[in-house]
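Take a look at this single chain, the form predicted alone, given in structure tokens.
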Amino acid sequence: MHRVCISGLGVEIPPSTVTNDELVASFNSWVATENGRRAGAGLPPLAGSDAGFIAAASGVEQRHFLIADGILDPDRMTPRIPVRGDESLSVMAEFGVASALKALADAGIGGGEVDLVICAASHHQRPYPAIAVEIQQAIGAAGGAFDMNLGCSSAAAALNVAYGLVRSGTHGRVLIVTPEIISGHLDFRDRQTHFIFGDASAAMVVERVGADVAAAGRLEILGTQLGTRFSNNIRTNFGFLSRTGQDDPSVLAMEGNMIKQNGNRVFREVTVAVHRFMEAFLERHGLAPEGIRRFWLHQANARMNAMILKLMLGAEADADRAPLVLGQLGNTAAAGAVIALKEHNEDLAAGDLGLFCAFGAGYSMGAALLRKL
């Protein structure tokens, strides 16, 4: 068995930003119009949104979108992402390539030195051809490629797979790419979810630990683990069978088929499940939470992360111990923990231990124990 490390990390954040105030203004404008219609139909009114509540409840103050045009239009409330021809590089693959090239540069290698590409994201532009194969071709990688989806745990699940393949010698170098364009699948008219998410792309290079000095500064993977249990509390019903239940199958009604969640139940249940999962994972490695220098957690909710760590550590964890990036980026789904890892690892001393952990729909959880070389 080979020793394995994360040798390169890359992040691509789109420049377009939308603040809480901007998002709330658009949402409340739509609510005012909709409530006029509902009053005429004898239906109860919808509640508006509030920028201060969003920041207090989630920690999110703004988010980035691949294309913001159309999102703040109360008559549209979805991004205008032009359709591309089949022979053009797809939007998702292009976004993935942007972070992949940065991860390759960080690892000091070219695309041709990769022998497996995994596109691991919570939402995929199409079922096939796999986005990973398209990315593979665009960067000139050899070997194979495939897509995988485990909601916001997708990158953690891919890291688990890559670790096993490289450790066993089946593959020499694996590129994990996580391009999240959640804005295209988000219902901006749903008060429960309209403010949560943002777009971002992240990538990791996983390979063997070399015997030379070049390994210094990299993150060795000491172990990984996955855990899942079924829950409907975070769900999307969008899929090819959605059209078959309609009277007119030529038009797919998106209402009810986009992201929806029961926020209060998710908060309660995931908080307990994740802290137990992480404690059990560390115990397998003979470690206690107090021995972990840094926690790179899924960037969904600041209050949730604080509660998970307080249950584990018995005290509050500061921003150095458990860094957050969601305030300026929102919940970037499976890319979030990778972004936190990229932005907050270089200051670690050789030998420091860190815990990478993502969690989300499923419920799904994935963790990796990392050591600074």
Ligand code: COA
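Nothing here was measured: the structure is a model prediction, and the numbers come from that model. Position 1 is the first residue in the sequence shown; the rest follow in order.
The form predicted in complex with ligand COA exists for this protein as well; it is not shown, and the discussion that follows is about that form.
Highlighted residues 264, 267 and 300: every one comes within 4.5 Å of ligand COA in the predicted bound form, counting any heavy atom. Out of the listed residues 46, 57, 311, 67, 57 is the one that sits within 4.5 Å of ligand COA in the predicted bound form by at least one heavy atom. Of the residues given (226, 98, 282, 234), 234 alone sits with a heavy atom within 4.5 Å of ligand COA in the predicted bound form. Residues placing heavy atoms within 4.5 Å of ligand COA in the predicted bound form fall in a single listed stretch, namely 194-202, out of 81-89, 194-202, 128-136, 272-280.
In the predicted bound form, ligand COA sits within 4.5 Å of a heavy atom of residue 304.
In the predicted bound form, at least one heavy atom of residue 50 sits within 4.5 Å of ligand COA. Residue contact with ligand COA in the predicted bound form: residue 186 places no heavy atom within 4.5 Å of it.
Contact check for residue 356: every heavy atom lies farther than 4.5 Å from ligand COA in the predicted bound form. Contact residues in stretch 150-164 (any heavy atom within 4.5 Å of ligand COA, taken in the predicted bound form) are limited to 152.
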